[in-house]
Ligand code: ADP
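Okay, so here's just one chain, in structure tokens, the form predicted on its own.
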């Protein structure tokens, strides 16, 4: 009996039909394979949000395992024409292939698969036997995206570990000053004022640390989900510079900026997060600039990317901190922030986007110290936006940070038509 007939019996009479006698139990033997090629059954499987594959083959001949059906979600996940493709060509995960072999032998299987690239994803794999097919045994393979669950677990663990480690020092400092004020410095007004000032600075540090940790955790949780908004990168830079005028005036800095025409740098992105990227980069540049120094900020569009660009300064070392997955024909808007401060030693460049990493020996010119999370936040936001990031620096010659973000596809198409 066809599965389609079993699932969707035809009803031609308006009145209920009398109950049919129960069919005799079929004799034991190989199960009839599911017909997934026609009718409502195929439409149902096609509409499932999880990737579904039907594999045909012999577990004793791994090279013979081939994909005979793939639903729309599977075709979106895996490149190429899947039906007829060897399974090992489409999916090379050993645990997954072993789970498929178990299903071909008649037993359910399970595995976990992680896909690489700039946005890592975690998939729970389930396999089930489907009986005998035309050219071999059949197995059902389903993939369920568990990235959100794993990221939430990791976010909770990382937050507790980082917070407990980084908050220990300011808490110990506050405890010590409180004990001193309650002890022999109780009546010393000068010492009391000094200690209260230090305590306020430590409390501010803890507040900034918690804010940055919460921000970073939220970004990491949704890092694999591309944003859907649109904004003009050049206008966003202008808004950030307007907001940072008091900070710039405090150090008497001059800012040179180079912006494209209005609308030329229209990117796909979350406006609040892009503003955070720009603000973190500009604040870093201000922090490490000497009084009376200069900054350069530029936006260029459209560009292919900046991953292979040579250093602007022959004495500088250039390093790519984040490279997006390659998409043919993709074009970007490029943001570059340059300062003329002390620069960054070459051996420190690879660690710049690590959590809580600070370059030792650099002076911040009296500006409030950072939490060591600013560049980590920048990297994760840029990664969520499918962009790239690079740094160029030489000791004594300042540093230049470059970020490139994908242009809006609609904007690129309109420009090409013109």
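Numbering follows the first chain given and starts at 1. Everything numeric here is computed off the predicted structure, so don't read it as measured data.
What follows is about the form predicted in complex with this ligand, which we do not show.
The putative spot formed by 166, 174 and 209 is not touched by this ligand in the predicted complex; no residue has a non-hydrogen atom within 4.5 angstroms of it. This chain is displayed without this ligand, yet in the predicted complex the stretch 285-293 from 285-293, 223-231, 261-269, 140-148 comes within 4.5 Å of it by heavy atoms.
In the predicted complex, this ligand lies farther than 4.5 Å from every heavy atom of residue 383.
Proximity of residue 373 to this ligand in the predicted complex: non-hydrogen atoms within 4.5 Å are present.
In the predicted complex, residue 103 stays away from this ligand, with no heavy atom inside 4.5 Å. Among heavy atoms of residue 343, some come within 4.5 Å of this ligand in the predicted complex.
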